[in-house]
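Presented below, as structure tokens, is a lone chain in the form predicted alone.
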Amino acid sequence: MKAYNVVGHSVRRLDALEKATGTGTFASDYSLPGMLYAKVLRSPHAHAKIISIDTSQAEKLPGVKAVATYKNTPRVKFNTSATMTFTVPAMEPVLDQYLFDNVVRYVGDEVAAVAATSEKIAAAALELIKVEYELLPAVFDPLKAMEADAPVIHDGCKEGKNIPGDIVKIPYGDVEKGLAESDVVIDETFKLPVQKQVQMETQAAVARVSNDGKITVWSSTQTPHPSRMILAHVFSVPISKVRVLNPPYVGGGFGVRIGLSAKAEPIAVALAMKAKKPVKLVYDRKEDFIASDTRHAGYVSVKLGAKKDGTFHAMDLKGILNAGAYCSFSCETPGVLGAMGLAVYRIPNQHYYGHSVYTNTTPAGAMRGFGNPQAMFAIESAVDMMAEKLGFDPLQLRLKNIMQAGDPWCLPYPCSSSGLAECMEKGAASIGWERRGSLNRPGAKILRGIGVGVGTHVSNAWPFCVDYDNAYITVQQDGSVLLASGVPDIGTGTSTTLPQLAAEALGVNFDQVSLTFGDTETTPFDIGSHASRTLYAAGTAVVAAANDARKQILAYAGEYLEVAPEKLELNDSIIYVTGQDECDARKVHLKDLAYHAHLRNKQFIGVGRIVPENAPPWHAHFAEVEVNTDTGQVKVAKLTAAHDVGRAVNPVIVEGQIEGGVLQGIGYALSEEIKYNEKGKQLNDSIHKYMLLTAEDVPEVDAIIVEANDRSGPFGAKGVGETGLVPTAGAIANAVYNATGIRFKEIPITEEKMYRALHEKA
């Protein structure tokens, strides 16, 4: 394995000092002279028509500078998700939202907004707005929303009642024939909850509209360039007249702001246009819970067929997801669910059918894993059930059937590398798999079990949407390097790892590289930080830009040193002749060469323009759980997460991503859920009411890095951001079954559910 100067080393994060000392700036920190503060009036009803709205008293309140409703804002349909800007050709994005509408479709939907000289005045003004509603029938379950007597939430659904966009169908082989030929078939349906991202920073935006009409928005978006396109569409202005930037940090994303930050940006812009002053809108935590995208709930059905020898022969997978009130990512998420679900095991006959369904609940959009955790909870549970039916060890059954590099599969890119077997072997050794089945004594009050779950994912958004990347590298006159990339740093270490790649590829010292990022005015187009793509895809563009700049440097140095460029090497910011004798002193420091070029009207500027490929990361999670039979509490004692990440550019950052994902996966499996009452009101609308893991709930986590390098990634790297929670719920549910003999087909496995199931079994 080649030794690298920077790549593969856990250099200190460049954002660490600012964030540790509290001096890092986020959208919620940002302020401008003369800035106003915005508040939003939200619907108390799940489905209603606005008969009348009177804002006159609010407008008269001293300090109020602007009020916005459906009557005085653009009537332009859009989609808050970035998909409306990069939907693949031949598919039309679903545009189903107005900035404000005269129909509200979920509790929390936007009715009006106020900008005032203080938050207190803005909140008081909301109380003065008089709204008369006509209540409409509402529906909250996706299966019921497709029934004949269900209310129509949006007109124009081409695939059936309340189904946004297209139904996803993935055929591979002959699934009906394969199931008929199977010796054993597992046929089960699993129910999934609404999970919330609960990122540290809520949705936020500060908008300023200049006298010449130019719009500038500082926001918490994960996708500045696509968000710029959405705002230009909503307000019917040229894209070049809109600037979107992070200021510069984002307080976590997990998918909730791929596109707009809910509606923070356009509402702030609309109010700024009316007030002719900058406007700041920051969601409180309740608004973040009820009025920004969640993970898709719904149902996943699995028919898994196998031969007696344990060979998987057929799988029929179906996903029906709850879109909520608006489409957001509800066309793409079912596709990822199916594609990733069919890609883990070598099964010659497969089929997937899936779609989302509108309901009168909070819109569902992107959340870490993006459909994959839903698929793998169901599939990995079914695989364990198959192992029991066949009398196989669950680990050995998986090893027998997992996809391997070079195997054919349903995806439109090759299975180019796989370290899954190594992940499983190392993970099993860490958890002590051989202890499984011998952990409990008769009559024990605390039952223990061990379970496993595996999976794969993507390293970028392609082939599910348009995906291309650009980067600039400019060598300054003193030999230092400025890198420009359009991706934000949402807490994943982008502002460190991209400079690492640039330094390695260019051959300069790491401390000589600076990065400008997340600003549409100073960086080239990029679709943003999501889909586990930032290091892999944006990093590939960075390496391409570095190679371009390096080529220019060596060409110029060849003339300077009077030697052929191909005989030169650039390392540690020094250009020298390769293989030269010690007496041959022909070398030059990049600092001196850059200044020499500057005096002769030359600067080295590298450009990276790439369409990224895709590389499959792989992962195996092993959970050891303890079940208290008196209380029903399920506790994860240890979680081993072995991940094939290709080259780990910064191992400590990779481990942090894995560990953070694991904790979200444990929450998904055991406690996190937003429930609704019979009128569609969210019952879990604060951190206090939402059962998020705390420091006391964190188990021992063993993050294992496996490096099955992929030729397509920068220095062999693959994606890792989302993978940490893909197989976690499946592993935990399987461990619970191993401990108790109770198979849960619905998560989260709360204390109440466990307690009830234990007593029903008794």
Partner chain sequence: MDNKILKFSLNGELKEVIVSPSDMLVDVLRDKLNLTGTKKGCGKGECGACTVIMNGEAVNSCLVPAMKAMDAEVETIEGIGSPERLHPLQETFMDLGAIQCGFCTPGMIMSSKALLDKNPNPGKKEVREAISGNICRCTGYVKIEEAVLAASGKYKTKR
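From a predicted model like this one, the values you see are computed outputs, not experimental measurements. Positions refer to the first chain, counted from 1.
FYI, the form predicted in complex with the partner chain isn't displayed, but the following is about it.
Would you point out which of 404-412, 190-198, 427-435, 122-130 contains residues with a non-hydrogen atom within 4.5 Å of the partner chain in the predicted complex?
-> It is 190-198 that comes within 4.5 Å of the partner.
The partner chain in the predicted complex: within 4.5 Å of a heavy atom of each of Gly22, Phe254 and Tyr690?
-> Checked in the predicted complex: all three residues contact the partner chain.
Which of Asn162, Ser182, Gln664, Gln350 has a heavy atom within 4.5 Å of the partner chain in the predicted complex?
-> Of the candidates Asn162, Ser182, Gln664, Gln350, Gln664 is the one lying within 4.5 Å of the partner chain in the predicted complex.
State the residue from Arg13, Lys745, His9, Lys753 whose non-hydrogen atoms include one within 4.5 Å of the partner chain in the predicted complex.
-> Of Arg13, Lys745, His9, Lys753, the residue with a heavy atom within 4.5 Å of the partner chain in the predicted complex is Arg13.
Is the gap between Gly660 and the partner chain in the predicted complex 4.5 Å or less for some heavy atom pair?
-> Contact check for Gly660: yes, within 4.5 Å of the partner chain in the predicted complex.
Is Val701 close to the partner chain in the predicted complex, meaning a heavy atom pair under 4.5 Å apart or at it?
-> Looking in the predicted complex, residue contacts with the partner chain include Val701, since a heavy atom lies within 4.5 Å.
Distance check, Ile490 to the partner chain in the predicted complex, heavy atom within 4.5 Å | Output for Ile490 is yes: heavy atoms within 4.5 Å of the partner chain.
Could you confirm whether Asn72 comes within 4.5 Å of the partner chain in the predicted complex, counting heavy atoms only?
-> Looking in the predicted complex, residue contacts with the partner chain do not include Asn72, since no heavy atom lies within 4.5 Å.
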